[in-house]
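Below you will find one chain, with nothing else, as structure tokens; this is the form predicted alone, and questions on how it binds or moves follow later.
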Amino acid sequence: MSVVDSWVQRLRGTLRPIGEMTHWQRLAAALDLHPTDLVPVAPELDYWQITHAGYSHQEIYNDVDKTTDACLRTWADLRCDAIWMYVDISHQIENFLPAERRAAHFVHRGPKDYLLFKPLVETLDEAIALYESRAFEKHLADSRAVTHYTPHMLQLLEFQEKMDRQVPVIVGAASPINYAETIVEVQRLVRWTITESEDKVRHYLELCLAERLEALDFYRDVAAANGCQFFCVFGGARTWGPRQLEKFGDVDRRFVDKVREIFPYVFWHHCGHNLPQALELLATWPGIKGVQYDQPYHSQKLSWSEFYEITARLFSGRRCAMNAPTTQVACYGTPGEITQMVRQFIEATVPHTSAVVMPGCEIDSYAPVENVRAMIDAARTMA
């Protein structure tokens, strides 16, 4: 019996209702800015699911069934309002490298540690050549994007459909600027926007956009065709200043234009220190239903309650606000601190717009289970 069928057989007809809505209905309503029975809670569990299920990251790295089992086991245990796919950096950029170079770029550490990676190139000319040579196409067939990411996604979507869409699976893809900075490291890309000609930087970003638009054909033909409706865009440029956003932010917006043609529920992942101008842009770009935001920009001296309310007012009538607690508090705080932060977020947000309890980035593998449960319980006990 497949891992999916095993979980479907175990769970079908045995799940207790949580509230009056299904998980799917609750998250969809929030993104549509409609009332919900409970505030949805959908933390980006990602790596955390692996160790919660009793596996190490090395153990699941080449085992699709164990990866899927970890995600389904975690959902059955916690009953969040969405299932996030497991994704690591090799799924995204391994196809840019020939097989013999990959081991040198991806570094496994401890059983709970994130997969580290080294930049693929160091100069803007090298980055442009990587795209112009279509390296991402030449090395795709034997990369983890094909051998691991795709079958894992399809298994989760199979579970979603066989469970009658009680809970949505969230699939996501990095934006063009996210790829542009990942390939070379953020600080290099930011420096190039100052030291290199604008035309040259624009050319690089347009190449990244072209590749990402092609990637969306895959998500249309494989993810959407198999029932995926909830899509996270992992945005880039979170550390850029107003000048860079003004000159180059349109690259990501054009990517979103195509995403929204494919998926009905699109939200934007914007971790890190959030520049006010970036949040203002995200409040206006067509097709984005929610924004998973994180900390205020360095120069903003705001309490969390103030930042929640400012963002909620900005999003009012336009976007669902997705936050709380911070990933740092989720990992290092106490259950009481997490409960307080979730309640502050909800109290500051729901008078102005809909809310989803969703920290600004993925939950760290080292976060204690009692902290994750505190996050869920806090959301479940507030209307």
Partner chain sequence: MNDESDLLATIAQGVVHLDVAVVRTSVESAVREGISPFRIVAEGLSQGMRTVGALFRDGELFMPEVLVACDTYYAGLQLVQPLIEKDNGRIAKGKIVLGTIHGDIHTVGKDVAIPVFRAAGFDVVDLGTDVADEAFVEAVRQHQPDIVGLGTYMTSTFMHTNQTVEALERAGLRGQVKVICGGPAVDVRAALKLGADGATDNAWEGVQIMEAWMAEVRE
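Numbering follows the first chain given and starts at 1. All figures in this text were calculated on a predicted structure; none of them were measured in a lab.
Same protein, other form: the form predicted in complex with the partner chain, not shown, and the subject of what follows.
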Heavy atom of Val186 within 4.5 Å of the partner chain in the model of the complex: yes
Contact of Trp240 with the partner chain in the model of the complex (heavy atom, 4.5 Å): yes
Exercise: Lys200 in contact with the partner chain in the model of the complex, heavy atom 4.5 Å: no
Residue contact check: Asp65 to the partner chain in the model of the complex, 4.5 Å heavy atom: no
Candidate site Ser56, Leu140 and Ala224: all three near the partner chain in the model of the complex by heavy atom within 4.5 Å: no
One stretch from 307-315, 232-240, 149-157, 212-220 that, in the model of the complex, holds residues within 4.5 Å of the partner chain by heavy atom: 232-240
Contact assignment for the partner chain in the model of the complex, among Val329, Ala70, Ile346, Leu31, heavy atom within 4.5 Å: Val329
Residues of 116-134 having any heavy atom within 4.5 Å of the partner chain in the model of the complex, listed in sequence order: Leu116, Phe117, Lys118, Pro119
